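Take a look at this one chain, the form predicted on its own, written out in structure tokens.
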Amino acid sequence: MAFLLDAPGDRVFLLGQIDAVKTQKKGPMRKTTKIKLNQLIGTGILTLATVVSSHAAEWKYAMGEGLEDPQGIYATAFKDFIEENSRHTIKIYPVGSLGEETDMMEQAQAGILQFLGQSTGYMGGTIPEMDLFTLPYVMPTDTAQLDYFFKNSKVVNELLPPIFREHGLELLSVFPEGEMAITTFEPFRSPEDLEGKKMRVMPGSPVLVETYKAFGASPVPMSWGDLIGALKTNMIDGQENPTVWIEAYGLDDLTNVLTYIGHGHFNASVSANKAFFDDLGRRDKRLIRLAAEHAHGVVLEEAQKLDAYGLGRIVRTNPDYQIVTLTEAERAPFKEAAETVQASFAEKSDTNKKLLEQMLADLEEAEANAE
């Protein structure tokens, strides 16, 4: 049982059982979670202490997705925890509210924003080490292994936080959003089939460019805001995203085939401005860590549901849409091509090499221990 000492003007709460009260939003699985904290002593379920400070503040939280997407689910759970357990409030700025992803990163580093939720793929341009999570055929597709990895990984919990601090950020969470799928106008089953195809990739990530070159395609870095128009006008031949995004934003209506090649997951991170975080008292720091831990658990559960139900809705609402899963034999040449991308990442710096080696060790542990 953890306790924080009382102080003048503060009230100490012993947090007992957390009852998750889920509120339905748009769509059958678009849910967010609001917590009710019962002041129960001795329950043994969750006995963590936090403090409601007498000094209230409004904190700004921007993210690269909508409120009903995985990053939005995390942000809402984080906000609810903070506001249930302090006098602080959080204002959430969904995707597009404050510009592009690079704009939000700059604002977070400058301290204009206190919190930032962003895809790891976008972060590679600012924090090159984050391209680790974009490497093809490194992350598993098994959700139990992913959950174990993101909760227990030494890469996430020990090696990355100091790197984030060098960039003016305090890392709070890294979590998976769903398996990456590739949507195209024509089916493909080999790198030769992708030769010359213009594939949109997230801007800012050298690894994504290298990956699609290795896969035989012609990668086109492009912002999310330009993607829909590019598909409508055939400026590109395809793109990749997790299924939840493909369904939610109608990308299946703009292409003809969705293909799973098993090459990776879409991951996101949440961080705080370092100067802001460092200036907080230990009670507020503890509060933020607890909120991040709570939100992490919520999004791991809900993101899996969103991904599965997204695919189900595509099957029901777009029955003529082709959904292809490559066999292990068909994936083999893609995996072989991916080895050059992995090697290139490791060769760029000793830090990259250390991160990749530790990630592989962490993933081996996750495979052995995941339930």
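From 1 onward, residues are counted along the sequence shown. Keep in mind that what you see is a predicted model, and the values were worked out from it rather than measured.
Keep in mind that the form predicted in complex with a small molecule is missing from the display, and what follows is about it.
Can you check 304-312, 341-349, 57-65, 320-328 and let me know which stretch has heavy atoms within 4.5 Å of the small molecule in the predicted complex?
Going by heavy atoms within 4.5 Å, the stretch is 57-65.
In the predicted complex, do Asp131, Phe175 and His263 all reach within 4.5 Å of the small molecule through at least one heavy atom apiece?
Judged in the predicted complex, none of Asp131, Phe175 and His263 sits within 4.5 Å of the small molecule.
Within 4.5 Å, heavy atoms only: does Tyr122 come near the small molecule in the predicted complex?
So Tyr122 counts as contacting the small molecule.
Classify Pro136 as contacting or not contacting the small molecule in the predicted complex by the rule of any non-hydrogen atom within 4.5 angstroms, answering yes or no.
Pro136: no, not in contact with the small molecule in the predicted complex.
Heavy atoms within 4.5 Å of the small molecule in the predicted complex: does Trp224 have any?
Yes, Trp224 is a contact residue.
Looking at the partner-bound form in the predicted complex, is Gln109 within 4.5 Å of the small molecule by any heavy atom?
Output for Gln109 is no: heavy atoms all beyond 4.5 Å of the small molecule.
Heavy atom within 4.5 Å of the small molecule in the predicted complex - residue from Met202, Ala181, Met105, Ala295:
The residue in contact is Met202.
Identify which of Phe81, Phe149, Phe115, Trp245 has a heavy atom within 4.5 Å of the small molecule in the predicted complex; exactly one of them does.
By the 4.5 Å heavy-atom cutoff, the listed residue in contact is Trp245.
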